[in-house]
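Coming up is one lone chain in structure tokens, specifically the form predicted alone.
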Amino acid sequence: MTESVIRNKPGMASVKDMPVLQDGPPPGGFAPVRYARRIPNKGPSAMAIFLAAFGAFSYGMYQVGQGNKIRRALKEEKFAARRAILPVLQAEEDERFVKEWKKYLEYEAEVMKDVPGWKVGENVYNSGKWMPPATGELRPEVW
């Protein structure tokens, strides 16, 4: 399209003959531009946030303390049960040890029958104290 059709001015010979068409503000002007910093005054205060955080922390620490008490009671109960069953377990171990010790003495008597002066079951260290085997297990077939 030509300028003559757009501006309704037929027969223009030069650009200088064109009427000036300039953009401007709307009637009544533009709305004011907000450039000031405006922070809303809504929401909890710093003291309220601090007290809420302190309360949550305090409640959490209280719950940790209650959990520690329960855990300590359960641990004590477990140890009490172990202490109660210990004599039974020790008696079973002593019974097993006596059986194995008798087998060991028989094996020792068979192996050392040709050695003069050998006393079966006598301690070779002559310390006067009886000590159970350090391994906690008597297995003559390994010796």
Partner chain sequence: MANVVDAAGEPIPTSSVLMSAAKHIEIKCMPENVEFLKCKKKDPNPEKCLDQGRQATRCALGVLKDLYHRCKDPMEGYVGCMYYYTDEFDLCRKQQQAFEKACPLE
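Numbering follows the first chain given and starts at 1. From a predicted model like this one, the values you see are computed outputs, not experimental measurements.
One more form of this protein, predicted in complex with its partner chain, exists but is not displayed; see below.
Heavy atom within 4.5 Å of its partner chain in the predicted bound form: which of Leu89, Ala53, Ala109, Val115 fits that? Just give me the one. None of the others qualify; the residue that does is Leu89.
Would you mind picking out the stretch of 41-49, 28-36, 57-65, 80-88 that comes within 4.5 angstroms of its partner chain in the predicted bound form, counting non-hydrogen atoms? Result for this chain: 80-88.
Non-hydrogen atom contact Trp101 with its partner chain in the predicted bound form at 4.5 angstroms: Contact with its partner chain, yes.
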